[in-house]
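Heads up, the chain below is alone and in the form predicted on its own; it's given as structure tokens.
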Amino acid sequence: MNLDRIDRKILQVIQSDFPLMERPYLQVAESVGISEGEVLERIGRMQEEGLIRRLGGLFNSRKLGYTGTLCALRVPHEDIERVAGIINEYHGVTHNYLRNHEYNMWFTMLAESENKLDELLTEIRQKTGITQILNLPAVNLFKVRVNFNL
């Protein structure tokens, strides 16, 4: 995958200074010195090539009234795809990944309340058949900003 200087400039702008306005890509275009259409074309190409996985906002879920937790469970190797599929059906699941650990599947989940989280975890236990799920709610919240120097 080849990125030229303009691609890198576009990525730099959209990762850290994405304009909040009616036509944000026009602003991006002006900041990198090309047309709005070319910006959209380049972003589309980078998405098709898998360089951009997701383009969207990040919201402070706590300020929106949500609560979240990190969960860990032990999933037999032969059952990983099935269990991951069930967990990923939930809209509140923001991450689901495997770790090389006794508890090999970890996921994060958001819900409107702690009661709703408990309800959803009970449902996941029933659907997956995995009854022991570690529920690890956040005690302290740390936000780390990651910007790649392109």
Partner chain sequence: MLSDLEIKIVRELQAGLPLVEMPYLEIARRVGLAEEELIDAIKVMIRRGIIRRFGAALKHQDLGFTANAMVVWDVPENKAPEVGRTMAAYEQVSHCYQRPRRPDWPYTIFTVLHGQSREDCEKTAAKLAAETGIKEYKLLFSTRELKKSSMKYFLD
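Positions refer to the first chain, counted from 1. All values reported here derive from a predicted model rather than from experimental measurement.
The next section is about a form of this same protein that is not shown, the form predicted together with the partner chain.
Contact with the partner chain in the predicted complex, defined as a heavy atom within 4.5 Å, holds for exactly one of 35, 122, 115, 88, namely 88. Although the partner is absent here, residue 137 is a contact residue: one of its heavy atoms lies within 4.5 angstroms of the partner chain in the predicted complex. For residue 31, no non-hydrogen atom is located within 4.5 Å of the partner chain in the predicted complex, even though that partner is not displayed. The partner chain is not drawn, but in the predicted complex it has a heavy atom within 4.5 Å of residue 14. For residue 23, a non-hydrogen atom is located within 4.5 Å of the partner chain in the predicted complex, even though that partner is not displayed.
Residues of 69-85 that come within 4.5 Å of the partner chain in the predicted complex, judged by any heavy atom, are 70, 74, 80, 81, 84 in sequence order.
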